[in-house]
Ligand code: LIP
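The chain below stands alone, shown as structure tokens; this is the form predicted on its own.
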């Protein structure tokens, strides 16, 4: 493995952060009942996990750069960039829903080389290394072989999109073309499920890089395709994105371009 030590760190760290979150999951009823304070309360756990992850990475690779949802950009060696979402699916966590995840990715020379998405409540650890495939709990995974959109299950989320009318228009164009559309509430898991063949595609709008960086590598290494709605490759910036098994990518892109 080209990134042996970093690979061990990303696996160990995603599990450690996930275990820390599980010590608080479904322990505080007020997260469900007190909606007005739920976001603030969850931010406590976001920051807790973020602090743990950033601290461990800085211990192991003090010269590397980091980009995290909670800490922002921490400048270092521009050749190495860790991209982290310490708690992806905070709304699910607040509602005692098990579909949340820890997402960690590593870029080297502007290319994604390592990725981990860990869903601790359902004990699913997704890992990928550039050129070495994608895995779920140590078993190799791959995208589905479905080639017709009419036979496809799709996943979506609005990402950072604040225009609900745009979201509605997009769904209105896509939904009649597929078997069904689901929303999991965690972009990390939504991308991972495409990589594992549980859905044929996932589309999202105005999403931040920490939400999807790990998923970009997972889907690519699982044999799928990732692009923006115009077909351009993913970059570490907020954007509209389509993840697919590759077989339904072009037809999905045609629909999304018109929304």
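It should be emphasised that the depicted structure is a prediction, and the values quoted were computed from it without experimental measurement. Numbering follows the first chain given and starts at 1.
There is also a form predicted together with the named molecule; it is not shown, and the following applies to it.
Peer 1: Determine which one of 47-55, 60-68, 186-194, 224-232 lies within 4.5 Å of the named molecule in the predicted complex, judging by heavy atom distances; exactly one does.
Peer 2: Only one stretch passes the 4.5 Å heavy-atom test: 186-194.
Peer 1: Considering the named molecule in the predicted complex, which of 143, 154, 87, 128 comes within 4.5 Å of it through any heavy atom?
Peer 2: Contact check passes for 87.
Peer 1: Residue 200: heavy atom within 4.5 Å of the named molecule in the predicted complex?
Peer 2: No, no contact at 4.5 Å.
Peer 1: Consider residue 124 of the chain shown here, and say whether it contacts the named molecule in the predicted complex, taking contact as heavy atoms within 4.5 Å.
Peer 2: No, residue 124 stays farther than 4.5 Å from the named molecule in the predicted complex.
Peer 1: Would you classify residue 159 as touching the named molecule in the predicted complex, given a 4.5 Å non-hydrogen atom cut-off?
Peer 2: Flag for residue 159 set to yes.
Peer 1: Could you list the residues in 207-222 that come within 4.5 Å of the named molecule in the predicted complex, counting only heavy atoms and keeping sequence order?
Peer 2: The stretch touches the partner through 211 alone.
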